[in-house]
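Consider the single chain below, provided in structure tokens and representing the form predicted on its own.
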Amino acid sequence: MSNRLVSVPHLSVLQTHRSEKWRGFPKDVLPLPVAEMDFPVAEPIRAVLAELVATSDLGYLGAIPELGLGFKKFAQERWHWDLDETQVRPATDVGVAVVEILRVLTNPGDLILINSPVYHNFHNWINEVKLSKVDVPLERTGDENGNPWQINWEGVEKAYASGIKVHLLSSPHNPLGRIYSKEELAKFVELAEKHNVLIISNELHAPLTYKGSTFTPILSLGEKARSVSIVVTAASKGWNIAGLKCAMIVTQDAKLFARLNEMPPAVHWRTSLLGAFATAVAFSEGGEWLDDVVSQLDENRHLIKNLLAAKLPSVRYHLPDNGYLAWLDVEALQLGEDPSKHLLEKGRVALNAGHTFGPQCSQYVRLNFATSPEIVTEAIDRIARSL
């Protein structure tokens, strides 16, 4: 551990932080619901932010070719994807990006497909643009020694044929930590072309993929995929800079790129100057820091498995292939309709309620393990002591 570039500060230091994660609960609560990390910010990001502040360069965001070029460099190195950097445009965050894309390409009442359990804000974005939601849930029917969540292809194909306009995809999947295979993504693309459906792929967590797993950007799959897909992504999860407010909308098709020119100019102007340059630097210079963090997360995901086996063996948990979110099935603990309430009140540990990701998952909780092994251990201990 001493060779690491980054290490998590002590809990007493984290409790001085001003983000929602650390101000949203009393100090005796261990807060592990909000998807942000506790690692110190990467040095290249610190440097560019310090330079902007030191030179009083804090105006509105203008042209920023560095954003597309930084993302292109990262995509080539990590995913062997040679993208057109001129089709990378900024937005405030991925939620704004998805909403503004939908405003241009759909009308109120159009059908949009999701696959629950899925990031709870998907529901909020859909409601904001007044679309009608079609849900084909992922099913826990696979090998429990791996990631057991499987696609209901019969349901997906029926949904595509029913007249949906958009498939909003979480890739990699939050909260399941599931990475779609190249073959699965290609099948989505085939269905989208056949039924004239747009795929919006939220690839926010992609940089946090573990060794042994392979993430495939949907836009890297060829011309057909480029004609039916738009990617929204950011450095906010991979480098823990959500508060800097910058995301990216990525197209690789001239027609789709032109359509998105119909978005209001404010989509660009409301993006933070600090966030945009921090994002560009994260992708272009933050790889070493990222690798160190992913290595620590890898240890943490296995630590949770070992702790649960020793202290809470009835809790079902699969190792995520990506990200820092543990999806725990606590039904056997019999903690009531909303286990997260029991764990907060009796265990003083805050986790996300499973029902917010999908009503069929009321007996699940989501735990953020992007922190120190000591805090992860304390969280599992608190859950055990609450019973």
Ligand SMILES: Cc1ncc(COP(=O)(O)O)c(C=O)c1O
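Position 1 is the first residue in the sequence shown; the rest follow in order. Owing to the predicted nature of the structure, the values given are computational and were not obtained by experimental measurement.
Note that the form predicted in complex with the named molecule isn't included here; everything after this is about it.
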Heavy atom of residue 237 within 4.5 Å of the named molecule in the predicted complex: yes
4.5 angstroms heavy atom contact with the named molecule in the predicted complex for residue 35: yes
Residue contact check: residue 271 to the named molecule in the predicted complex, 4.5 Å heavy atom: no
Residue 170 within 4.5 Å of the named molecule in the predicted complex, heavy atoms: yes
Location of the named molecule contact in the predicted complex, chosen stretch of 202-210, 313-321, 145-153, 176-184 [non-hydrogen atom, 4.5 Å]: 202-210
Listed residue that, although the named molecule is not shown, lies within 4.5 Å of it in the predicted complex (heavy atoms), from 188, 277, 125, 289: 125
94, 293, 159, 75 - the one with a heavy atom within 4.5 Å of the named molecule in the predicted complex: 94
